[in-house]
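One chain follows as structure tokens, the form predicted alone.
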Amino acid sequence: MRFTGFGATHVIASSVVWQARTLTFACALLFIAQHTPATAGTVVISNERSGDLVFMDESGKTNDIVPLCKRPRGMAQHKSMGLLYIACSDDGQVIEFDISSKHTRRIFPNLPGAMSLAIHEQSNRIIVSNEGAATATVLNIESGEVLASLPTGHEPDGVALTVDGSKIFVASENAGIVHVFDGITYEPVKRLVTNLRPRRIAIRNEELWVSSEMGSRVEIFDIISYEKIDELIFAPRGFRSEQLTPVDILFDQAQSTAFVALGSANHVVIVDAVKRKILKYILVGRRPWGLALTPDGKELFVLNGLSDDVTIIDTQSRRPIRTSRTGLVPHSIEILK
């Protein structure tokens, strides 16, 4: 249809104004979406090579990217304070990050090769493994005071505390040892000899689960007697043992199911944690090593370090449902609660 005269000019002008207003409104919505403070269910991923944090929702849609530091790696939440602590390995520091404003509040310096973190909220302490110094540092979160420097073997990685904070565990990759320290006096208590390259630690009731990256297994120790009580040896069809390099271990809320990222085997394994029985291997991206569950336990997020993405798995059907891009070389993941 052809418009002429004054009426046509008025119609065209009105249309232009309406389109401009629509575009402005759409841009405003986009800005709000990209700068909305983190809320419950927000997924946060640290990316080693791109040096940033990626924020996404539970559907895997990226909402924000925050430049952070050199080689951000391990992360831990202080849920009651709404804070996130991030190890910046190449900067030799830990950042205290405000989840609501998405800004750095404080920096804990002099932590060479800061790697993994564990928080004990009741005592307001944070444990940091220092890959570059063969130590783990115990910090008072409120004052920033160094409470202890715990000697470990070379390349310490995974750290964990018992619920009451009375015991601290630190895995030393090169030494093939999990160091046990008294959580009050910080004195060494025991050395648990593991298989090759222990990486991550998870506590289930009175059991200590340790992933042995080059041993293709998870070893289980009693945290009272320190005796080894069992192990899970992984063997998905079509893979050699040296391709199975387990890293992260995660339990569901009931601690009845365990999830283990199998690294170079490009799979995640689901384990009956009570019977210690392997239930299913699930193919994901390249070299999975970080894991997180949504608050309702219905979805498992799997970080794939060499394909720069995250695989989302439906825990009921035990099938992947989508894959989303992350930053470069994603390392750790937290789902904010």
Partner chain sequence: MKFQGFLFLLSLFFSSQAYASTFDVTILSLKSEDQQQKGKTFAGITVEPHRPVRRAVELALFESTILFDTLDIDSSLQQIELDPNTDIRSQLAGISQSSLVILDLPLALMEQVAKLTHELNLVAFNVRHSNAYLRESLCMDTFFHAIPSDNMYFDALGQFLIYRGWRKVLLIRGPSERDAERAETLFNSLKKFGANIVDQRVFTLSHNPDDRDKNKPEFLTGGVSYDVVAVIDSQKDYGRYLQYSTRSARPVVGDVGLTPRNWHFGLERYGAPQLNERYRSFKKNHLLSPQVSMTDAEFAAWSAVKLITNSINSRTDREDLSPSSVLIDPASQVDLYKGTRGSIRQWNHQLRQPILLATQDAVIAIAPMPKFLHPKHYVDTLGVDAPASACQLR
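All of these numbers come straight from a predicted model, not from anything done at the bench. Numbering follows the first chain given and starts at 1.
In what follows, reference is made to the form predicted together with the partner chain, a form of this protein that is not presented.
Contact annotation: the partner chain lies within 4.5 Å of heavy atoms from the stretch 235 to 243 in the predicted complex, the single such stretch among 138 to 146, 75 to 83, 235 to 243, 93 to 101.
This chain is drawn without the partner chain; in the predicted complex, the residue among 280, 61, 49, 298 with a heavy atom within 4.5 Å of it is 49. Site annotation in the predicted complex: the residue of 125, 267, 167, 197 reaching within 4.5 Å of the partner chain with a heavy atom is 197.
The closest non-hydrogen atom of residue 65 lies beyond 4.5 Å of the partner chain in the predicted complex. Proximity of residue 116 to the partner chain in the predicted complex: non-hydrogen atoms within 4.5 Å are absent; the residue sits far from the partner.
In the predicted complex, residue 306 approaches the partner chain with a heavy atom inside 4.5 Å. Remark: residue 153 counts among the residues lining the partner chain in the predicted complex, judged by a heavy atom distance of 4.5 Å or less. Scanning 169 to 195 for heavy atoms within 4.5 Å of the partner chain in the predicted complex gives 174, 175, 176, 177, 179, 191, 193, 194, 195 in sequence order.
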